[in-house]
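Read the single chain below, which is given as C-alpha cells and is the form predicted alone.
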Amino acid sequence: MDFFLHLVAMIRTLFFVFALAFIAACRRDVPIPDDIPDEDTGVVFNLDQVPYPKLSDYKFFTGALKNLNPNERVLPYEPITPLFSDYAHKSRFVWMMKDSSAQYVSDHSLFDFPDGTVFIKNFYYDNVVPSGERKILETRLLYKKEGEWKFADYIWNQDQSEAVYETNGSYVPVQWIDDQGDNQSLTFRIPSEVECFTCHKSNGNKIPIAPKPQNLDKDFSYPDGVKNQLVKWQEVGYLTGNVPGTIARVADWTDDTQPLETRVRSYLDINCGFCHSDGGHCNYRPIRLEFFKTLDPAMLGVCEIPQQFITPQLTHVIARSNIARSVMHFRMSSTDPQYMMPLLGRSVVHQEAVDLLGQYILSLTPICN
C-alpha cells in the first residue's frame, strides 16, 4: 500500500513539472508588447565610448523607440520660435549627467553647459502617405565632451524600430497630408557633419543654436503640469546660478497679437542669426540678425545697401515699403542655391514667413535714399 501511494505521489509530481514546462513554453511564444519599458531605466552615456552605433544604445527613451517616451531626467523642451526645416516637426530633449548643471550667462547667450550635456532633436512628419502615420527621419545629438560640442546623427529605419549612426548625410523623399488636408511632397535633406558645422559654429567652434534664455522663457506642458521651462530646468537641477526673473525674450513669430517687427526679428534670429553674427558663417556681411542686435534697424538691413549685386531692382537688403527692391525678401523666396537664404536646412520656401516679412516691409515708411 505504501508503495502504491508513493507511486501516485511521484506521478502527480511529474505531471506538475510537465505542466509548468508546457505553460512556460507557451509563454515564450507570446510576443512582449512594445510599450513595456526596459527594467533598467537609466540613461547610458559614457563620454569615452560615444557616439554609440544605435540610438537605442543610449536608452534616452523607454518602450518602443518610435514613441519617444523620455527616460528618467530626459527633459523635453521647446523654443518660443523654432527653426524652419521644410515643415518637419521636431521633438526636443535635453539630458545632463548627475550632479551637473548649466549656468546663466546673459539673456541672448547660450547657457554655459557642463560636459556630458546632450541635446536630442528628432525630425518627423505626421500623416505620411500612404500609412497616415508619423515617420521619424533622423535624430540629431549634440553633446559636450572636454569642453567641445560633438555631432552624432542617427537615421531611422523603415519600420521605425531603430536609428543608426551616420555622418555622411542623405536624401529622403517624403509625402504627407498637411494640417489643411493638402497633399505635400519633398525630398528631405539629412545633413552631413560638415553641413551641420556650417550653421552650428561660432569662431570655428561647434555650438548649439537655440538653448538660450531668450528662446526658452515660455510655459511648457510637462507630464506633471504646465510650468515655465527655465523654472523647470532649475527644479530638476539642470540650471543654477543667478537667473533673472525677467528675460528679454523673443516672440512666437506666429502670434499676431505681438508687434509685427518683434515677430520678424524673432524669426530671423532663430533662422538666420546664427550665421549673420560675429563669428558666424556669414560674419563677413554687415547685417547682424541676432534678436538683441536688430533693435537697430540697420542691423536688420533696413535701407542697407547689399554687398552682392543680383539685379538693379534689388537696391537694399530691406527697402522701406518696397518688396520688389528688398534683397532679403527675394532670398527668402528663392530655392536657387546661389541666392536662397538660409543657405542650408530647407529645400522649399517657407511661404508663411515670407508673407510675414512682406507685411513688415510694407509697414515701413518709404524713406530710403
Partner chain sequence: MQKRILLSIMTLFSAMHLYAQQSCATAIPAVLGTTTASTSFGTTPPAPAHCMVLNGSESFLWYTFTPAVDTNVRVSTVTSTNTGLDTRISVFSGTCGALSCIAYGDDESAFLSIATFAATAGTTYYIVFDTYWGNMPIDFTISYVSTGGGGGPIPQLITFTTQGIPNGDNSRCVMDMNGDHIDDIVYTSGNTLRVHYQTAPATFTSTTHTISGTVTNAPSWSIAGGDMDNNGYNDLIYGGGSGASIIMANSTGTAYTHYSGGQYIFSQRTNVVDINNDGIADAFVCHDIDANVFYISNGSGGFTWNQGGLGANGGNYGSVWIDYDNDCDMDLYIAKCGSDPIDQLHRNNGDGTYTSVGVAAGLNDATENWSSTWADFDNDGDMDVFMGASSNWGGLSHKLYRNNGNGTFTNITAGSGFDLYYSNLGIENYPGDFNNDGWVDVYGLGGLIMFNDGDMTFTASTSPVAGAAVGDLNQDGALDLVAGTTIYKNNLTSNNYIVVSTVGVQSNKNGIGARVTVQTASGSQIRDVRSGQAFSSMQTLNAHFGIGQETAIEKITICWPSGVVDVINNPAINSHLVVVEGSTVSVQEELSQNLQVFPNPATSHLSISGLPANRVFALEIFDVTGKLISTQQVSENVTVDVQSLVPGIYVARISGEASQLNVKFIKE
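Numbering follows the first chain given and starts at 1. Because the structure is a prediction, the values reported are computed rather than measured.
The same protein also exists as the form predicted together with its partner chain; that form is not shown, yet it is the one meant from here on.
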Quiz item: Does Ser192 reach its partner chain in the model of the complex if we count a contact as any heavy atom within 4.5 Å?
Solution: yes
Exercise. Verify the contact flag for Arg73: yes if a non-hydrogen atom of it lies within 4.5 Å of a non-hydrogen atom of its partner chain in the model of the complex, no if not.
Key: no
Quiz prompt | Contact label in the model of the complex: Ile305 to its partner chain, heavy atom within 4.5 Å | solution = yes
Practice problem: With heavy atoms only and a cut-off of 4.5 Å, decide whether Gln49 touches its partner chain in the model of the complex. | Solution: no
Self-check item: its partner chain in the model of the complex: contacted by all of Arg288, Pro337 and Leu343, heavy atom 4.5 Å
Solution: yes
Quiz item: Any idea which of 280-288, 210-218, 97-105, 138-146 reaches within 4.5 Å of its partner chain in the model of the complex, heavy atoms considered?
Solution: 280-288
Quiz item: What is the one choice in Ser91, Ser85, Gln160, Thr198 with a heavy atom within 4.5 Å of its partner chain in the model of the complex?
Solution: Thr198
